[in-house]
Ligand code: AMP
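Take a look at this single chain in C-alpha cells; it is the form predicted on its own.
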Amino acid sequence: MWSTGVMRIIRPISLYNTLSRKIEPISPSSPGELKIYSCGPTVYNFAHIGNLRTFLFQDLMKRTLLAAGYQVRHCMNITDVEDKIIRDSQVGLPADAPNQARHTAMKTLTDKYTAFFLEDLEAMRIRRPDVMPKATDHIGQMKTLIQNLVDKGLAYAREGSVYYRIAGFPTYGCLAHLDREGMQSGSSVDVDEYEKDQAQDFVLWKAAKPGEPTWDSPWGPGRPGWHIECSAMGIELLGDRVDIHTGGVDLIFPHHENEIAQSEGALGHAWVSTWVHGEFLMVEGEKMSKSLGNFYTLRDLVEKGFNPITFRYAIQSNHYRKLINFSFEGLKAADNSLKRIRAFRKRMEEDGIQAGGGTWKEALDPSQRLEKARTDFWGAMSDDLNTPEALAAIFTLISDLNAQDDRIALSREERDAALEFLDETDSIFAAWPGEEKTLDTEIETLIEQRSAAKISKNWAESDRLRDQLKAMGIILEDRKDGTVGWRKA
C-alpha cells in the first residue's frame, strides 16, 4: 500500500551503494516511499544456507526501512527458466518429447522447489515480498524489451539468438568497476554465468536447442537468457525508477551489470538509485561444496536440532557486508544470546518477582537508560544496518536494567517501557516476540498437577509431568521463592 496522506515521521537510513562504493543516505524517488527489487531464487533445488543469508539480509533491510517509517513495495522474482533448471527438469524425457511435455516437466520441478523455498521463508519469519513474479509468466515482456534494444541498435540477432552489444553502452562495467580496455568487443557468450575477463556481448534470447523447452519469438523458437528476466519483470512491476536493488555479491557481475545495460539501454536513463549486496557465507572456513560435505540446507540444521530462528539470529548478528564463517558452535552461541534476550523479556513481563529490595548507590534512571539504548540502536541500524552495534545496545540495556532490578524493583510502567523497546527491535530481528500469556486448559491442568506432586514430594510424578509438558513445548522454571514460571520451548 502506498501513501494515505497521513504524515509519518521517517528516520534517515544510509546504505552502502555498490555503484558509488560509498555509504549514502537513501533518497526515494517519491517521498517516504521505496520501491525495492530483489533477485530471487533459481528453483531447481533446495536453497542452501548461503543462499538464505542473502534473503535474511534483504528481510532485515526491509524490516528496518518499514520500522523507520517508509512505505515499501518489494518485488522478488522466481527464476523458473534457466540453464540448470532445464538441465535437471528434462532428465528422462525422450529425445522426441513434444514441447508441451518439456514445459510441463520444467514446471513440475520449479513448482516443487518454489514451495520448499516459501516454507523456508516462513520458518525464518522472512516477510513475503509484495509481488513474486515468475519468469515464465513474463516471456512477452522480455521479448518486447529485447525488440526495444534491437531497434535502438543495442542488440543484434545471429542464428536465432539475440545478443546485447556492450560497445553501444559506454558505461558498461560501472557497477563491477571493470577495465573497459580489456573487454572483448564483438565477441559473444551464450552461457549465463562467466568470469570478469569474459566481459563480452551477452545473450538476451537463446535459439532453440534439442531437448529444451522453447517459446516462439520474432527471431525463431528459443528461450530468454537469464539476465533479461529481471530487467523485464522489474520494469513491468516497479516502473522505470527503482530505489533499491539487492542481491548477493556473486550477482554484481555479470548479472547486475547486465541488468543495468539492458534496463538503462531501453529506458535511456538511470534505473536503480542504490545497489545493495550481501557477502558470502563460508562453512568452517571453506566455501560450501557437496564434495566437502559442508553443504547445508535449513532442513539439515533443523534435523541437527537447531531452530530456524536461531539461524536467522546467527546470520543477522553479523554485518551483511562481512564474510561469515558458519559453524555449529556459532549457532550454539547464537542460541545462548537469544535465550538471554528472551529471559529479559520474561522478567519484564512479570511484576518484579525476581527483583530484590533496598538501595543502590549506582542506581540509574530506567527511562533515560532506555532512551539511550533506543538512540544507540537506531544510530547503528541507520548506519548501513550495523547489526553488531545495534545488538550491543540491547545487551548493554539488559545488563543495566537487570542489575537495577536486582536491587530496586522496576515499576510496572518501567517494565512496560522496556517491553515496548523489545517489541520495537523485534519488529526488525523477528527473534524475541512476546509470549502468549495464556495457556489452554489441558496445559494449565498439567502444571497444577505437577505443582501438587511437588508439594506432596511425589518426585517421580513431578518429573513425569515436567517431561510431558516439555514434549508439548512448555518449559517449566522452578524459582527460588517456590513459584513456578513457564515459557515456550
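Note that residue numbering begins at 1 and tracks the sequence as displayed. Remember, predicted model here, so these are calculated numbers, not experimental data.
The following text describes the form predicted together with the named molecule, which does not appear among the structures shown.
- Not displayed here, the named molecule is approached by residue 50 to within 4.5 Å at the level of heavy atoms in the predicted complex.
- Remark: residue 279 counts among the residues lining the named molecule in the predicted complex, judged by a heavy atom distance of 4.5 Å or less.
- Although the partner is absent here, residue 288 is a contact residue: one of its heavy atoms lies within 4.5 angstroms of the named molecule in the predicted complex.
- In the predicted complex, the named molecule lies farther than 4.5 Å from every heavy atom of residue 265.
- Listed residues 55, 70, 432, 421 were compared with the named molecule in the predicted complex; 55 is the one with a heavy atom within 4.5 Å.
- Taking a 4.5 Å heavy atom cutoff to the named molecule in the predicted complex, the contact residue among 350, 250, 122, 383 is 250.
- Segments offered: 145 to 153, 86 to 94, 408 to 416, 242 to 250. Contacting the named molecule in the predicted complex at heavy atom distances within 4.5 Å is 242 to 250.
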